[in-house]
Every structure is written in C-alpha cells, then in structure tokens.
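Have a look below at one chain only, the form predicted alone, in structure tokens format.
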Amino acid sequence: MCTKEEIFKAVSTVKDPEIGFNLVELGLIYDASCDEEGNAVVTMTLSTKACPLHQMIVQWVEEAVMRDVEGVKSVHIDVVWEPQWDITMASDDVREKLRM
C-alpha cells in the first residue's frame, strides 16, 4: 500500500510552469491517500479558478503518481476550491524567493 508521503514526493516533481515551483512547495496539494487496492486520491487546488493550465496540471499530477508510486493502480484527482489558496500556504522558501 502506498503512503501519503510517497504521493507527496511524486507530486513534488510537478512544477507550476508559470512560477517554476513545485505544487507541494506552493501549498497546492492539500491531502493524499491510497487504499489497500492501490487506488490513490490527491486533493488539491490551483492558484486560481481561471488557471489556463488546469487540465494539464491535473494530468501531470496523475501521471507523476502513476509513474513514481509503487503499487498505485488508479489515481483520482479531487480539485477543490475551499479553502481558497493564497501565498501564505506556500513554503517559507517559496514566499522568500517570490518577495525578491
């Protein structure tokens, strides 16, 4: 059975092409889980509802989990809008670099 940590590690390979930081350090990945049958669920958001790369980013997350997490047979991406993302959800490193 895969773990939340393994899923987060896989998703950290997916970068936001506009900003250049990965989705985990941006705070866009809210949760992840995997059941005993290898069905993974990633709960995430995007920086804005109008994100022009919405479908591509969701596909990249799904592909990263399928490729990098052993034992995963399926991935469901749950895009949510609550809580609404803001820059305070990003890692300290990201916030510092964006201030520069």
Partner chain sequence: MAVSQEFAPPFKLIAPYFILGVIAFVISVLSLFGFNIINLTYQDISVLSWAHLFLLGFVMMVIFGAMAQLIPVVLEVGHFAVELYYVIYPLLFAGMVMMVAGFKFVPALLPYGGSVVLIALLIFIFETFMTIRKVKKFNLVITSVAIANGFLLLGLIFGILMALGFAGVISIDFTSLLRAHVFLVLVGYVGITIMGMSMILLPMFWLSHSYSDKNVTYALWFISIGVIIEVISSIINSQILEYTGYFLTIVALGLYFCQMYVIYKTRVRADKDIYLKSMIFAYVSLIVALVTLTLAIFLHTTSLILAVGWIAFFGYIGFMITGHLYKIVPFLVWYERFSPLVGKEKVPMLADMLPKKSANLQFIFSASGIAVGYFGLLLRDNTIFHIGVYALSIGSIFVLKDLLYMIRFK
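Positions refer to the first chain, counted from 1. All figures in this text were calculated on a predicted structure; none of them were measured in a lab.
Separately, the form predicted together with the partner chain exists; it is not shown, and the next lines address it.
Discussion item. My question is simply whether residue 83 lines the interface with the partner chain in the model of the complex - judged by any non-hydrogen atom within 4.5 Å.
Written reply: Output for residue 83 is no: heavy atoms all beyond 4.5 Å of the partner chain.
Worksheet entry | Heavy atom of residue 73 within 4.5 Å of the partner chain in the model of the complex | Contact check for residue 73: no, nothing within 4.5 Å of the partner chain in the model of the complex.
Worksheet item: Would residue 25 count as touching the partner chain in the model of the complex under a 4.5 Å heavy atom rule?
Response: Outside the cut-off, so no.
Worksheet item: So in the model of the complex, does residue 18 come within 4.5 Å of the partner chain, heavy atom to heavy atom?
Response: Yes, residue 18 sits close enough to the partner chain in the model of the complex that at least one of its heavy atoms falls within 4.5 Å.
Worksheet item: Using a 4.5 Å cut-off on heavy atoms, which residues of 37-57 contact the partner chain in the model of the complex?
Response: Contacts from 37-57: 47, 48, 49, 50, 51, 52, 53, 54, 55, 56.
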